[in-house]
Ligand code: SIN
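Next up is one chain by itself, shown in structure tokens, the form predicted alone.
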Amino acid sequence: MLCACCFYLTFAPHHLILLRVMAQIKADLLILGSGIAGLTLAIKTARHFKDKQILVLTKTVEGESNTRYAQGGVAAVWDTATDNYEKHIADTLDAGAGLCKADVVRIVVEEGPERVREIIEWGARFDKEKNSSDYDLAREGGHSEHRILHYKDLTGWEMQRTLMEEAARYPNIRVLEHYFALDLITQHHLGRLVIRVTPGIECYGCYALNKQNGEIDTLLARATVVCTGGGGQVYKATTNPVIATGDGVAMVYRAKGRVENMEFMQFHPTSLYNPVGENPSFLISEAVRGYGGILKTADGEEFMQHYDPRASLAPRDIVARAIDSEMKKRGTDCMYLDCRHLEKEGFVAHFPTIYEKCVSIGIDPMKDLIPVVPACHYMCGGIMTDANGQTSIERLYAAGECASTGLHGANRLASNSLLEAMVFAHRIFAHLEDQLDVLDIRNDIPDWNAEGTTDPKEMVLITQSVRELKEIMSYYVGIVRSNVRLKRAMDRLFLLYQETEELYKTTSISPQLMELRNLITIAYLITRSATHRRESRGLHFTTDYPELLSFVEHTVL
């Protein structure tokens, strides 16, 4: 029997003997995910390579992604009269708590404005100042200047709309909706022993479940790019949509690719507290605090000045821990955001969705304090890549939230994520310019085989395991951690892993089962990485090692 510390070392794909012919779909470029990273890359490649076929996979519909839920905006040095690259770089490095890769930070900050200009050319409608052609630049926590371009409080939705309309112009982009990527295809599927230290691992595509007919197809390409978003559904309270189950990171880890810094899961300080419970939790954008909202207790007292001189505009890790600390200290279920002093017309114009949501549950932001609580929001670690988006597996790239490029370090600076996705989508495209004509498409890949499996008799086994997983991670691997909590989490995750693998070996594939497997992998990676980091840094705080010690640079699994 494997111990809990190493149970994922043998977490490899099953059902791989060729017994019957399944559908094969070939393309020059395979992109898993249709958010900002995936569609930006698809558009750029399609424009440049009119003779190449680009295949984009999404497990629901094209418009459903983490991107569309982004409220705040995209950070870029825009007003050079007051802002500059060095300020944005300094803010990013400060938020990252010493773990950002300085060269990557400079790349993203300096290349970012051009990528923003591109999406504006494609039709993105960022808000402008009243009676002016100048953009209305917002400021968020951790930023020293106003540099956030936004579209009301629906920036992600607007950028997703723009990219979908632009992508529809290119006949060589094919979007396959309701396709669930199951596993990446490597030499492992050709009968070769592949372990994490095997040199020259290559990716040839992926197996994917067609959710509309239940068949598992083999998708082959010259190069594959993982743009599958985050894994926020590993926690009970999360602002992530229900599709955010860490599929890409889990697939790369199973394929023996390198994953790093998974302990740094960012909790957004201000999701709307709703006693009824919601999944996902509704986000109260950081831009509200940038607009003048102030964090307070139920008694109306400010408290953030006790934790950081920047008060309500401190970086997210500091604010989330402060709110968590105040809640525990006072025995309350939430803290509050005070917007009563703000002018109503301007607030509603900037945050119409937030205003309407609050009113819908009986809260008038102009008269009432808004109850807020931290919720899992963004995965700062992920698939390890270089400055061109290349992973440790050849012919495989990653971009967006699933990738760990080195930009965020131990804590992401607000509104840097959309910027990073566009910059790395462009850099992957630039790197592939000379590669797509050189790489081939493998024709000797076996089809997926599910012989010997049966339909699951009790779906409750899967749904209950998901519920248990969320409870484990929320109580033991949340904002504040300890050695005892991490050990307890690892022990319980091991039991869930064993039960789920037995289901996987004996029952037919379903999206629910695969999402459970992926969530267990993400939970393991977060917990294991947190166990390795014996210090408190950025988003990782442990009561056993409360000081920042520079004990570990990067946790690579």
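It should be emphasised that the depicted structure is a prediction, and the values quoted were computed from it without experimental measurement. So that there is no doubt, residue numbering starts at 1 and follows the sequence shown.
A second form of this protein, the form predicted in complex with the named molecule, is not displayed here; the remarks below concern that form.
Ser285 is the sole member of Ser285, Thr391, Asn411, Thr224 with a non-hydrogen atom within 4.5 Å of the named molecule in the predicted bound form. Though the named molecule is absent from this view, in the predicted bound form it lies within 4.5 Å of a heavy atom of just one residue from Ser312, Thr92, Ser404, Gln71, which is Gln71.
Judged by heavy atoms within 4.5 Å of the named molecule in the predicted bound form, the contact stretch among the candidates 412-420, 429-437, 96-104, 458-466 is 412-420.
Using a 4.5 angstroms threshold between heavy atoms, Asp317 stays clear of the named molecule in the predicted bound form. Shown alone here, His377 lies within 4.5 Å of the named molecule in the predicted bound form, counting heavy atoms only.
Within 4.5 Å of some heavy atom of the named molecule in the predicted bound form lies at least one heavy atom of His268. With a 4.5 Å cutoff on heavy atoms, Glu263 does not count as touching the named molecule in the predicted bound form; it lies far away.
Residue Glu140 is the only one in 140-167 with at least one heavy atom within 4.5 Å of the named molecule in the predicted bound form.
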